[in-house]
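Take a look at this one chain, the form predicted on its own, written out in structure tokens.
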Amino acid sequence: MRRRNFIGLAAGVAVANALPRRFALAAESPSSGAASADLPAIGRKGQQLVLRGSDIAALSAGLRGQLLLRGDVGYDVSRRVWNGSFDRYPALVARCVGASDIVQAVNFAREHDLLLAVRGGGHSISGQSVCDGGMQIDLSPMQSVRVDPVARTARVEPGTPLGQFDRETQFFGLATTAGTVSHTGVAGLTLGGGFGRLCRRYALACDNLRAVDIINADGQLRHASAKENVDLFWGVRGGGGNFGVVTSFEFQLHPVDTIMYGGAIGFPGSRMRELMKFYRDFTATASEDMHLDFLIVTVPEGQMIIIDAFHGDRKRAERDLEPLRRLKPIIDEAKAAPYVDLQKSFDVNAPWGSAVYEKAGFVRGISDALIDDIAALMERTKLVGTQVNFVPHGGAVGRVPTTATAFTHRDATHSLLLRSGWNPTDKIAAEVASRWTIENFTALEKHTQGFYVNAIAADDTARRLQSNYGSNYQRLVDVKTKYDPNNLFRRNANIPPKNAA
């Protein structure tokens, strides 16, 4: 079975009318209906509101971008997010084309006490980048990338997909850590930490962040860096979208060859115990140029195991991967290829519009007990569209001090993820698949400590989030209280400010 077939099944079914963000909103025009009628809406705390038509018209007139209401051209495209299990309808969508638009939208939401969601690439797995009845700030029109090849830096707008970022930097033989799915947005990935195929060599995306321009809850645009608004700069590197809307990211870039080495290496699921032990031992001593994702996926024929290999030094790749190949895989697609193509290779595992539910945690070593528990649950699993995934940490990720950024878990060796996928139109399948993930992760959670906030589930508790940030949590509360005292930015891995109502 070819990789595209079984991994596609494991991720869920893409929705035909849920278009990726790279498709232009052709023939759009500013909202014609946004001017006169009063509009029911949902407030920041879930209360019912009515927005006056004159206020809506004033906001619409002041934007360079578009203010969209339900029924307007482009509204349905803007409100759609990558995870097809969420079908939400904001009262207003502000499609922002610059910082001034964002300031006006934030001020409007604050002054009217509106529920607010911020959408960059739309990849929030828990659906937080869209809301029912509130305002959605849609940053997808903001996709510029400006590379300085001499300074090896890039200034990137928040709606930029990672694939576009990679293409611009690779033109100059440069790159930085930027995820594993090309249509993920730069903003959400970076604010939550930012794993990727280069992280073992160059650390997380947030570790390569030099500065941000950000609009906080008071509507003020601030520059945050190691020299200015230092507390805010610390918080945005791993604290998620808690503190405002970033309008520009400045990244440090690194020399990265345009040709790398990678691809899927597959095995039958009957070998999962053997291969998990091999993976544990192999990644413990692997070169920092190597990134190996390990997946057990359930397909109609049973389980398949995929080790998605990436090596940043193609001259050493064949030698370094030889121990894996001696295990006699039934699929071997690893080869020299352009870095930008390898960065898109996992897109098939995450098609736009997939309906998915995911739970995740960090592990400090893959113990025999964890291997036994995973093998037992997957051996009895018949539900197509389920998977268990290990993502490697280590290397440069672990060399950053715990308190240097808001991202806490520098000593973790791997992320452990459980995911289920289904057809977005099948409500019964949604219930069955979600229950599979919840019940099985509950059984495995004893092996974990902390989790990646970009993989937060919609039902994760505040207590779990507080525990996740550990010794950094109180500092995050202080930053939140200073820059967002009323918790306007709450649709995220939320850290309530002090005395939050």
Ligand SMILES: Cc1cc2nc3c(=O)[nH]c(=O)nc-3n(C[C@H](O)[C@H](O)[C@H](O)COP(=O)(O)OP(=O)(O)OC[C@H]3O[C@@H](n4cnc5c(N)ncnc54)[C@H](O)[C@@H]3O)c2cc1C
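Values in this document were obtained by computation on a predicted structure and should not be read as measured data. In case it trips you up, residue 1 is the first one in the sequence shown, and so on.
What comes next is about the form predicted in complex with the ligand, which does not appear here.
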| Which one, 256 to 264, 277 to 285, 217 to 225, 239 to 247, holds residues whose non-hydrogen atoms are within 4.5 Å of the ligand in the model of the complex? | 239 to 247
| query | Heavy atom within 4.5 Å of the ligand in the model of the complex: which of H414, K359, H409, H123? | reply | H123
| Listed residue (T153, T298, Q164, Q128) with a non-hydrogen atom within 4.5 angstroms of the ligand in the model of the complex | Q128
| Close approach of Q303 to the ligand in the model of the complex, 4.5 Å, heavy atom | no
| message | Contact with the ligand in the model of the complex for W82, defined as at least one heavy atom pair within 4.5 Å: yes or no? | response | yes
| task | Would you check, heavy atoms only and a 4.5 Å threshold, whether W422 touches the ligand in the model of the complex? | result | no
| query | Might F441 be said to contact the ligand in the model of the complex, defining contact as any heavy atom within 4.5 Å? | reply | no
| request: Between 177 to 213 and the ligand in the model of the complex, list the residues on our side with a heavy atom within 4.5 Å. | output: G179, T180, V181, T184, G185, A187, G188, L189, L191, G194, F195
